[in-house]
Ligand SMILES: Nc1ncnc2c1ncn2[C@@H]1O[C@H](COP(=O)(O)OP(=O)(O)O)[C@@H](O)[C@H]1O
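Have a look below at one chain only, the form predicted alone, in structure tokens format.
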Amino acid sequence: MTRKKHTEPAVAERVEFDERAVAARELSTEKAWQASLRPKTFEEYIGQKEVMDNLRIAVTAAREKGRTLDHFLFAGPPGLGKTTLAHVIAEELGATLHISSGPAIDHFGRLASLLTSLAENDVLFIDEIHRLTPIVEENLYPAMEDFKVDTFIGEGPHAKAVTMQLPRFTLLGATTRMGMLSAPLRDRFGFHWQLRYYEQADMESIVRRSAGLLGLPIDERGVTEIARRSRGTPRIANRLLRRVRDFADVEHDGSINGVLAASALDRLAVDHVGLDTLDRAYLSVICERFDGGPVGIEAIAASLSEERGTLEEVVEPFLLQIGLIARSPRGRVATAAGFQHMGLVPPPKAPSGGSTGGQGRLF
């Protein structure tokens, strides 16, 4: 029987090896691939049960009573589904979704253009909303509360203040840094939803679903192996599934089993609890260079030649979640579990932390 070859969705036709053309094709392919795996309804969305149950009630009530859905704020580490939830909510409401980000709305004119392009009951999603400038943020307040925006026509002494009425819309904000949001902006959202790292069972369901959508044969051991190394994050699970699929196509018969998945992920430097090269370098700096800490984040960033924001937003949340590091008033500290994960003997002063034995998932 001829083995079916697994291909990327919407792959562009072969082009000459012009660097810009190749880059554009890869970007288009990546977006199409991610979009093909994104849930579109509440029924398709896996995990975050508490958040989903409450969202389902709010969205159903707004849809059935003809009301505008309240403004909601989603917080949590990258890759947990904040953008996906915005797509699901808009789909369930039967509304048009408009997507932007805090850094992109860099002055009032961009904000006004975005708001005036909305139609009645549209959904506006602003990612990394904590990065809005203070002026833009202050002009967003009346839009959220009263659905109006104040602007000026003309310049100098002849400038005239004009209030523009906006259609009723729903603002969905997303942030990876809840602490950086100002209190006035945070208080204008109807509710704050904190997304958590996914349980192992949910991660396995996500890997199984993605493999099915891609038509990729995978056994249960392969599902488990990829899921437990995905840091409780759906985006990472889908990325690892894609990489393991490459190994399956080149070095196997196109199907994935536990042995192949483990071997491929080991070669990709993703260990049994999902730590990658940067995570282990971070732990190594604390454990070996600073004797377990405490050490400030700036010193760690300088040692690794990495941005502080990358460490705080990408590396630390998961290490804290599984108990490999702890935070103290004086800085970051490696726990006993962190030392053990690096193959080192923990000093007596090290806090206990978690355990990375067994399946390596601490949720």
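From 1 onward, residues are counted along the sequence shown. What you are looking at is a predicted structure, and each value in this text was computed from that prediction instead of being measured.
As for the form predicted in complex with the ligand, it is not shown, yet the points below apply to it.
J.: So which stretch, 37 to 45, 323 to 331, 55 to 63, 310 to 318, is the one near the ligand in the predicted complex (non-hydrogen atoms, 4.5 Å)?
T.: Careful reading of the contacts points to 37 to 45.
J.: Taking L80, I206 and R235 as a possible spot, do all three reach the ligand in the predicted complex with a heavy atom inside 4.5 Å?
T.: The answer is yes; L80, I206 and R235 each reach the ligand.
J.: Ok, N121, T84, N139, T224: which has a heavy atom sitting within 4.5 Å of the ligand in the predicted complex?
T.: Checked against the cut-off, the match is T84.
J.: Would Y282 show up as a contact with the ligand in the predicted complex if we use heavy atoms at 4.5 Å?
T.: Y282: no, not in contact with the ligand in the predicted complex.
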